[in-house]
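Take a look at this single chain, the form predicted on its own, given in structure tokens.
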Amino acid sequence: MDAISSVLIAKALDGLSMRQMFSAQNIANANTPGYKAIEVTFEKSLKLAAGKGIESIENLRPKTQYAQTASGSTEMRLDMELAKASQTAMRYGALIDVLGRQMALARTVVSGGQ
């Protein structure tokens, strides 16, 4: 795995971890009157940073903002928040799987294929 790929995956894992944390917070406060859900965005910024090099990727920080629905409301929908949490967990797991496979390949090379 090249250096930029490992940095990209690490930064994506950071963003997904932060999203999962705020999803849990949003779900926990689903019945709190006046609570505004918070969302984490980083994918577009990460894509742009990938074209600029490793330093840009390393300096990238996920952004948080109040979540808005398509109608512009900040009212949280529990079903959507649960779906978002599930999707985030799956994406995180997929990235961990990629890292595990890369480490297995490196381990095979280091051990001489045994």
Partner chain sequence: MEALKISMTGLDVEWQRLQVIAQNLANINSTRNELGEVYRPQRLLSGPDVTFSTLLQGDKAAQKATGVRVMGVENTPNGVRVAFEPNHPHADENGMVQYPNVDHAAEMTQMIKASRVYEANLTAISIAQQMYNRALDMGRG
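Given the structure is predicted, the values throughout are model-derived calculations rather than measurements. Positions refer to the first chain, counted from 1.
Only in words, not in the display: the form predicted in complex with the partner chain, which the text now covers.
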Contact assignment for the partner chain in the model of the complex, among Ser45, Ser56, Asn29, Gln68, heavy atom within 4.5 Å: Asn29
Contact of Met80 with the partner chain in the model of the complex (heavy atom, 4.5 Å): no
Non-hydrogen atom contact Thr64 with the partner chain in the model of the complex at 4.5 angstroms: yes
Close approach of Ala85 to the partner chain in the model of the complex, 4.5 Å, heavy atom: yes
Proximity of Ala106 to the partner chain in the model of the complex, heavy atoms at 4.5 Å: no
In the model of the complex: members of 15-36 within 4.5 Å of the partner chain, any heavy atom: Leu16, Ser17, Gln20, Met21, Phe22, Ala24, Gln25, Ile27, Ala28, Asn29, Ala30, Asn31, Thr32, Pro33, Tyr35
